[in-house]
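First, one chain by itself: the form predicted on its own, in structure tokens.
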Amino acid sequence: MENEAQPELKGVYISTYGCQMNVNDTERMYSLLEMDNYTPVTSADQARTIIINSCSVREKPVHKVRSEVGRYRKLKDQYPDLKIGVAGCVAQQEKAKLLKDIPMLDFVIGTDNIDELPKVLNEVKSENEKKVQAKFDHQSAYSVETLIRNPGIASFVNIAKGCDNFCTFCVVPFTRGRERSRTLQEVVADVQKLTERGVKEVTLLGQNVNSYLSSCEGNFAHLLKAVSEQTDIERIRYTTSHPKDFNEELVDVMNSHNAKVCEYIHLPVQSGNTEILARMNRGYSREDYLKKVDMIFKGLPNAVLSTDIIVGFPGETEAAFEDTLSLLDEVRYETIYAFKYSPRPFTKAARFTDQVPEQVKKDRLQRLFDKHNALAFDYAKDYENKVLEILVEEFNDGVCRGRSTQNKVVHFKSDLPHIGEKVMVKINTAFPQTLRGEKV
């Protein structure tokens, strides 16, 4: 061991799970720590500080944290000054209990306390005491500067945080707090600064972007219009939208600014059965959802939809599940993200007594994927021989990789890297998520 390279004394490694919000939070943590003279490293064995940026949306999140911490036991034994902490939704959910349950941990920092990370970490190291910082700030306005070390071609920009919907299956209101939005002009200024650093595409992020409401009374449609008109950004995406808040004003803005706003829309349905949707507290029926889809395609004929689906929600009968299956025949979802229901702490659905057996959930999930896979391959064939505009993000061994406005990953051969350029590509071979073609 004496001949092995010593880890960087202020090297920091962050392990990230979950949604784009967590990915964005990790980038913010790295940026804040770099300003405090920490050095980001690419593996845990190079670090003297390890942070697990956790997600609690799926099942057994605390178990996953405990398992990962256990993998660092030898490092902790070898380097007693190694500090290990947990951030993200599990940290916010469990708080001090994590330190009690996982003695190897040194600190816990909540989702609303990321900007305090350098201070917390320095206190942990100087005082050699465990720390918990996981309080929500419900009073201050949500104002934050996007921190990205190397923004690249495409970047995320938070526009809001928290959620007020309290879907009965979802822990987000408890781990991210109540809904708060940044000011419209602050977001616009952030996006423009990113374009000046070479960013070509931004994804506007929020637990529910289309319930965004600036202090100047600007809604999400107003924000999308302002970012389109007042910045030099070339492409705009957003996620995630809630069907109950998706309105015609937003469709009109997307249509009138389609030179910048991508036609890809992620519209989580969760279930195709009205009774299950009511139990989920989603705020719409199956019929309401289908009307929203019809409105979208009337205003945006080239729209591309994806969705989230939960199978095996408490009380879901075979007939209710068949309603979800049949929804795939009525709505052209080019991509679905489907999951088995798992009870989450603090949520109302966790207390429902009519839980669905695990094997039934597993079987239904497979049936759902099987049905959608057959449809998705047929949808993909529609792209063959079409010419798409691709924003190139990577170049490796003579192959460019980028995304279309439909959010499809496209590969094509080229003698030039074209990184950051928009290139027209004719699609020769199409799969549900990946397209291959040639530059035209």
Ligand code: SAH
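This one's a predicted model, so the numbers in the text were calculated from it and none came from an experiment. Throughout, we count residues from 1 along the sequence that is shown.
Keep in mind the form predicted in complex with the ligand is missing from the figure; the text below concerns it.
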*Taking 240, 310 and 342 as a possible spot, do all three reach the ligand in the model of the complex with a heavy atom inside 4.5 Å?*
yes
_Residue (of 109, 194, 184, 170) lying close to the ligand in the model of the complex, criterion heavy atoms within 4.5 Å_ = 170
*Please pick, from 69, 62, 57, 380, the one residue with any non-hydrogen atom lying within 4.5 angstroms of the ligand in the model of the complex.*
57
_Considering non-hydrogen atoms and a 4.5 Å limit, does the ligand approach residue 146 in the model of the complex?_
no
_Taking the ligand as it sits in the model of the complex, is residue 207 in contact with it (heavy atom to heavy atom, 4.5 Å or less)?_
yes
_Is it the case that residue 268, even though its partner is missing from this view, gets within 4.5 Å of the ligand in the model of the complex, heavy atoms only?_
yes
*Contact label in the model of the complex: residue 161 to the ligand, heavy atom within 4.5 Å*: no
*Stretch in contact, per heavy atom within 4.5 angstroms of the ligand in the model of the complex, of 75 to 83, 332 to 340, 222 to 230, 287 to 295*: 332 to 340
